[in-house]
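The data below hold one chain only, encoded as structure tokens and taken in the form predicted on its own.
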């Protein structure tokens, strides 16, 4: 019945026309809708603060009789994981009521008929994207970035005081000297824009410039977070319509690292061409801001590995690019990403890295052996090492895992080659990674839930019959022909030299 004209007895009034919502849930915060009937049938557009103007897909009348007839449709916000859950419009005597669910948020909002002025006041702005162009390299991230990020442990509950305490903890623990130099504030720092469009931090961050100075004084670097969409993933202000302005603001504050998370931007940019263009736009803005202030900014592309991002990440100025959705603090999540969603190996190397997301080490969802696998696998992949725990209160075993200099050396090897599996058998995997000095890192991974005996076939790996072998977690040399008992979900990480 998609072509039924909504007039007459069933609805009591023609529901085609323009409507404004009095109030709606904050996600995605629907503001207005326009419903039309023409020769092509029934169609409409619904507008939200998160995704702008979205077509009302498969708009149709369902039900029968004055009490049962209603409009049903769904929306596409650009995320392939969003199931096409129905949204429903039903008359309420004064107007219409919208019900349904979008992602996790139940919808219930009423709308009234709108004047042209009301509709115009809620027009959602659109902005042009740049033509394809190459963004010059910023010269940063010659090895995978290392540091700390707030999201995995603190989510939105992050503030200036905590960031300062984390910075002090990285120094006190020795992790700064081990290479963990970035202190990255993820989502939740943003406040409101002023009349001039400048984005200010919220009350939890009273002075970003002072915070950057504090972090820099301790030999560390400060990172920040934004989105190309109107809203960040947690609902804070994104950089939509303010790209160049935000880049200048961050550089003036002294920011050293930007994570640019697609979030609500996927409602606007959901083709390969538009996603690449919007990341190019920020890449160029960061280069310009860095040149003006003398502070180049590491650029992290977080668009969940879509559209073969590693093939063009460098071209838009990126230094690292996510290969996957968000990691969770479980062996299943970590292993699915690390073993199977780790990006295209030849895309990675000095200046640009496949990013399988942050480390969960120390957050409590895995065993020590599983966390050891986590770090070893990330090191073999030449992945960024961004801690996601509370660095202020690390037990000794967590510090030992994160601070192992021999394992960090594998991750930070200047050759920048990503390791690869060379054998998979009965739930075990052997990985190798060539290193700059001619040695080879070898990971013996056990993905089963029981201990497994594993060996390395050194001649098959090109290392002869009796290479010199060192166990990087045991910190000792081992006999080249040794049979290793690898714990369940565990690893033995070796470095071998012919």
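Please read all numbers here as calculations on a predicted model, not as lab measurements. Numbering follows the first chain given and starts at 1.
Here the subject shifts to the form predicted together with alpha-D-galactopyranose, a form of this protein not shown in this document.
Contact annotation for residue 233: at least one heavy atom lies within 4.5 Å of alpha-D-galactopyranose in the predicted bound form. Among residues of the shown chain, residue 187 is one whose heavy atoms approach alpha-D-galactopyranose to within 4.5 Å in the predicted bound form.
Proximity of residue 358 to alpha-D-galactopyranose in the predicted bound form falls within the 4.5 Å heavy atom cutoff. Interface membership of residue 391, defined by any non-hydrogen atom within 4.5 Å of alpha-D-galactopyranose in the predicted bound form, is ruled out. Residue in contact with alpha-D-galactopyranose in the predicted bound form (any heavy atom within 4.5 Å), chosen from 326, 118, 168, 369: 326. The contact residue chosen from 304, 182, 268, 205 relative to alpha-D-galactopyranose in the predicted bound form is 304, the criterion being a non-hydrogen atom within 4.5 angstroms. Taken together, the three residues 151, 225 and 261 all come within 4.5 Å of alpha-D-galactopyranose in the predicted bound form, as judged by their closest heavy atom. Note that among 130 to 138, 318 to 326, 290 to 298, 106 to 114, the stretch whose heavy atoms approach alpha-D-galactopyranose to within 4.5 Å in the predicted bound form is 318 to 326.
Although alpha-D-galactopyranose is not shown here, in the predicted bound form the stretch 390 to 426 places no heavy atom of any residue within 4.5 Å of it.
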